[in-house]
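The data below hold one chain only, encoded as structure tokens and taken in the form predicted alone.
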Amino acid sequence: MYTQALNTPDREDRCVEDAARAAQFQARIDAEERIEPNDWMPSAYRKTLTRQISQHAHSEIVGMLPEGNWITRAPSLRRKAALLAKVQDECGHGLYLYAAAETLGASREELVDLMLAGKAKYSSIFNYPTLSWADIGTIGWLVDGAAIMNQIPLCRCSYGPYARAMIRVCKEESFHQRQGFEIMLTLCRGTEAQKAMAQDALDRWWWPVLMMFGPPDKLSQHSDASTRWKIKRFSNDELRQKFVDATVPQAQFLGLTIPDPGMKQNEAGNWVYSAIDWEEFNQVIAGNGPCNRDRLAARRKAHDEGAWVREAAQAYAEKRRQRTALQAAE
């Protein structure tokens, strides 16, 4: 009882100190200053960033699976090489992002284990199957296009390591988007069967891509804090609208039809789309999408089979550390 009484003023002092630090922190955010790993930050800011960056990293790694499925079945050597390079890029993106998350104090192993256990999310879009070659073009055109819309504002994120990682990621995603559009253009200028394949892929991917931006603003759980801390610069609905407005003219150029008969353009020039089936989104997020189980099973299998590589790398690193220590002692 007496110990608790003695500790009370200390806790109050810490609360006052933390409140002062939080105010100074927010002032830095408002002044557009970058927050670096050694800077003081509220625990909620650290937690929010760790969640977002790790989910982003998981998405890049899981996102290799639907496209990797088509590397050996691509229609030409040129297409194989380009797709292989794209999948390699996505692996690199995951590496940058895991490294950024580690600067917040989370270990990569811990983050990966959470994902493999189904306790950490990745983008819902990667739980859909790639049924034809046109799906690879549609992923590049729409999925990577949506990713760019989301990620370009992250280049101005308040957290330095995340913002800097996104600069290179966005440059490479831009190339991926152009690559996907070129595949779709080739199909649409080909035979009637090829154009029908392109239209079928668009029909299947359009609504899941719109869901990629996250739930509507009124249902988003983390948007207010992320916006206040300038982790996010635009809301989910704002980014979704920007994507739709940019993509409809591209579909028209390809001669494809957006699978939304109720879509129309308003007086401001924005394309007004129909209601999204958020129940489907919720089911996919809950693990009940078409490929949720397959994706996690594939990642667990790859993780288990790659254990020897991680062990060998650790053994080599330890051997180098010991050698360096011996040389320093001589």
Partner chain sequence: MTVANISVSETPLVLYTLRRADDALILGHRLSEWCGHAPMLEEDMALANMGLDLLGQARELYAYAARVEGKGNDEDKLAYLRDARQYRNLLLLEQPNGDFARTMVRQFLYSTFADLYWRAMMRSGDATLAAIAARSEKESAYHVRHASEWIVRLGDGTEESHRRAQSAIDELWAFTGEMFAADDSERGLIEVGVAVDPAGLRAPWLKAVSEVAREATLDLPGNDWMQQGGRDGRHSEHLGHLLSEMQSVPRSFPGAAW
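Residue numbers count along the first chain shown, from 1. The term rigid core refers to the most C-alpha atoms you can superpose between the two forms while keeping them within 1.5 Å. Here the structure is a predicted model, which is why all the values come from computation and not from measurement.
Keep in mind that the form predicted in complex with the partner chain is not shown, yet the notes after this line are about it.
>> Contact with the partner chain in the predicted complex for residue 310, defined as at least one heavy atom pair within 4.5 Å: yes or no?
In response: Yes.
> Any chance residue 319 has a heavy atom within 4.5 Å of the partner chain in the predicted complex?
Replying inline: Close contact exists here: in the predicted complex, residue 319 approaches the partner chain to within 4.5 Å, heavy atoms only.
>> So, residue 73 and the partner chain: in the predicted complex, are they within 4.5 Å at any heavy atom pair?
In response: Contact check for residue 73: yes, within 4.5 Å of the partner chain in the predicted complex.
>> Quick check on residue 204: any heavy atom within 4.5 Å of the partner chain in the predicted complex?
In response: No - in the predicted complex, heavy atoms of residue 204 and the partner chain never come within 4.5 Å of each other.
> Can you say which of 78 to 86, 116 to 124, 233 to 241, 140 to 148 gets within 4.5 Å of the partner chain in the predicted complex, counting heavy atoms only?
Replying inline: Partner-contacting stretch among the options: 78 to 86.
>> Just to be sure I understand the contacts: of 257, 107, 174, 186, which is the one whose heavy atoms reach within 4.5 angstroms of the partner chain in the predicted complex?
In response: So the residue touching the partner chain in the predicted complex, by this definition, is 186.
>> Going by heavy atom distances of 4.5 angstroms or less, which of 167, 225, 95, 246 would be at the interface with the partner chain in the predicted complex?
In response: Contact check passes for 95.
> From first to last in sequence, which residues of 187 to 212 have any non-hydrogen atom within 4.5 angstroms of the partner chain in the predicted complex?
Replying inline: 187, 191, 193, 194, 197 sit within 4.5 Å of the partner.
>> Core superposed first: is there a CA shift of 2 Å or greater at residue 312 between this form and the one not shown?
In response: After core superposition, the C-alpha of residue 312 moves 2 Å or more between this form and the one not shown.
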